[in-house]
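This document starts with one chain, in the form predicted on its own, laid out as structure tokens.
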Amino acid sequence: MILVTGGAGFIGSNLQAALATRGEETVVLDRLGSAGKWRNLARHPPSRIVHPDRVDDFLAADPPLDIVFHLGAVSTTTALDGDLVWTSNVGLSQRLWSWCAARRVRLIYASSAATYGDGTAGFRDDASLAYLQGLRPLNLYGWSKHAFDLWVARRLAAGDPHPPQWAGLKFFNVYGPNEYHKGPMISVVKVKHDEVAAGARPRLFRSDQADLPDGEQKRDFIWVGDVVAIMLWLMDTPAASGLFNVGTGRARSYRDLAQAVCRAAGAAAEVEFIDMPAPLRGQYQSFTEARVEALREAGYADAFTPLEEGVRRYVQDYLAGPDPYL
């Protein structure tokens, strides 16, 4: 039996679909709410859905879990409620780690590229305390993910009990189907597609750095199918533990992305620039690029989907059709 926290969310429901295709028995820990989030699971429902408020009761019953994929979190980078973010992103993660360690259950958990802050300390997925203590996340969300990475590093350094396999995944900019409930945190690919589909030119933020041209802010964009492939590989490779970047290893500009969306939608590749919103200034990562040596050294060998192909697949196979869900 496999537990997927956040299993009705974006990455979680893509993982749930893959596990269901494999014939795995899964339990999803998530809130479905009333905004249609259930549609993310419509084609691949789990055997059980547990509300997050009931997680302690669920764990107290000692379910026969083989592995936990902990993907649930408050993931809004503009979140301001520190108590809620700590409880959801750190407290629950600590309880799951301790539960898995005590019962010898494997744990794969979501960290984030937001832990790297402005990138001045690099994007090295180094799990050592010395390196982690030098990172400075720019927002509450990134800080909460970083706080748990640090907590794990301290447990390991102290020789405390830990799950038989553990992996923290620093997700970079993931895009693909089933993200439609995410509101302002939806991927740039989906936002640009909607603008193009409405007959407008895709809009990008002007640079907030004097030495960086508009549209040349760069991120490591990764197709959600590649993210799921990495998680399945980890499940099939129990000897692989550590902190791993989950990106392609190649930064691409927002201009590249917007033009790829235009081409996939059959529109002219013309871009419009707008001012960056005030809340994002000073908190905006203008460059991210995953270093993927740790993942490769652990044995993951699959190629990553090129940005143009991933965007084409997302636009033409999902967004342009009558049913955009996986």
Ligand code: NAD
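Fair warning: this is a prediction, and the values are worked out from it, not measured in the lab. The numbering used is simple: start at 1 and walk along the sequence shown.
The form predicted together with nicotinamide-adenine-dinucleotide (NAD) is left out here; the points below concern that form.
In short, of 140-148, 119-127, 195-203, 233-241 it is 140-148 that has heavy atoms within 4.5 Å of nicotinamide-adenine-dinucleotide (NAD) in the model of the complex. Using a 4.5 Å cut-off to nicotinamide-adenine-dinucleotide (NAD) in the model of the complex, not one of 223, 226 and 247 places a heavy atom inside that distance. Note on the partner interface in the model of the complex: the residue among 52, 36, 277, 299 having a heavy atom within 4.5 angstroms of nicotinamide-adenine-dinucleotide (NAD) is 52.
For the options 110, 107, 152, 189, the one in contact with nicotinamide-adenine-dinucleotide (NAD) in the model of the complex, meaning a heavy atom within 4.5 Å, is 110. Within this chain, residue 75 lines the site of nicotinamide-adenine-dinucleotide (NAD) in the model of the complex, having a heavy atom no more than 4.5 Å away. Within 4.5 Å of some heavy atom of nicotinamide-adenine-dinucleotide (NAD) in the model of the complex lies at least one heavy atom of residue 71.
Proximity of residue 181 to nicotinamide-adenine-dinucleotide (NAD) in the model of the complex falls within the 4.5 Å heavy atom cutoff. nicotinamide-adenine-dinucleotide (NAD) in the model of the complex is approached by residue 8, whose closest heavy atom lies within 4.5 angstroms of it. Within 4.5 angstroms of nicotinamide-adenine-dinucleotide (NAD) in the model of the complex, the stretch 81-95 places a non-hydrogen atom from each of 88, 92, taken in sequence order.
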